[in-house]
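In C-alpha cells, the next block holds one chain alone, the form predicted alone.
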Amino acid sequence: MLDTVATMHVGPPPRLPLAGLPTPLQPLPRLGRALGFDEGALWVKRDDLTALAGGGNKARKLEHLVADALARGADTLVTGGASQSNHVRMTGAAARAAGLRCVAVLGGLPGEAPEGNLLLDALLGIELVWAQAYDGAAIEAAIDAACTRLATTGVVPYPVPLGGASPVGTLGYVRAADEIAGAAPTGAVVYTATGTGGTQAGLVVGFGDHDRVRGVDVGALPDVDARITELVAAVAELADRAPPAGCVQLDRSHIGAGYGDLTPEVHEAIHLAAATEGLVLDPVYSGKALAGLMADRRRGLLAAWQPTVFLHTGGLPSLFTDRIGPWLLDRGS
C-alpha cells in the first residue's frame, strides 16, 4: 500500500485544518527531577490535545489525508487497526468532520464489548469489518480488498493505511518537528512511540537528522524500521526537504510479549507521569515511549543535561476498558 500511495502525488497535497495546531510544549520539572534530569531539560509535546475526537497524534496526519481524499473526489475513507485503535476512532471523526463515510477493518471478533474506542467508533457511525486476530499485513490487505469491493458499488474509496502512515499522512509530523524546533531548547531530542512509523519518519524529515528522534517500538509491525526508511525518502521528496543524516533510531526492548502487552515498566511509567505531573498516558503507545525514555536515562544513554521532548501521542479512551482499567489500578503489577 505504501508504494501505491507514494506514487499518487505530485507536490504536497492541501491541508484541511482539523487538529487545532499548534499543540502546547510544556515543561516537566517534577518528572525531570524524579528521573535525574537537569532543571529545564525535560519537556512534553501535548499531541494528546489535538482538537479531534478526544485528541491524539493521528489528527496531524488526517489533516493531509482527508484534504487529499476530498481533492480526489473520494466519499469514503477506508482504514483499519486493532480493535481499540485510536487511529480508527480519529479517522472516523475526521470523516464526519469532512462529510465523508468511514469503513474500518478491525483485528478482533464481532461482539467485543462497546467500550473505550469501540464505543466512540459506534457513536461516530464507523462501519466495521472484523478480521479476526490483529495482524498488520492482513489488515492492510483487507483495507485494499474493502476498497475494491466498495468501488464496485459506486463508492469512491480512499485507502488510509494503518496509522495513517503514508507519505501524505506523514507530512503532518514534518510540521510537528517545525513546531518543536521553534519552541524547545536548542538540540532537543524527541522520544516517540513508534507503531506504523509515520510519526517518527515525519519528525526525522522535519529535523533533518535521525539522531534527533528516538523511537520506542510498540510491536505493531515487524518491519517498521524498513518502513521508516522508505517513508523518510518519500516524505523528504514530497516536502522538498534534504535527505536526513544518520540512520533509524529504534528501541525494540519494550514490546514485551507483543503488540499491546501490558508490561511492568509501562505500569511504572504511567503511574510516575500521573503522580509527578498529572499527565495521563496509555499503555500501548505513550506509556511505552516514556518507559523507553526512563530506561535510557537510568542507563546513562540519555544525559542529564540533554534537552529532551517526550511526544504524548494520546490514547486516553483505551484506559476505559475492562482489560486495561483493572491492570492500571493494580499496584502489584
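Being a predicted model, the structure only gives us computed values, none of them experimental. In this text, residue numbers run from 1 along the sequence as written.
Absent from the display: the form predicted together with a small molecule. The rest refers to it.
With the small molecule omitted here, the record of contacts in the predicted bound form names 193-201 of 233-241, 92-100, 193-201, 180-188, defined by a heavy atom within 4.5 Å. No member of the trio Thr23, Arg60 and Phe310 reaches the small molecule in the predicted bound form with any non-hydrogen atom inside 4.5 Å. The closest heavy atom approach of Tyr285 to the small molecule in the predicted bound form falls within 4.5 Å. In the predicted bound form, no heavy atom of Thr79 sits within 4.5 Å of the small molecule.
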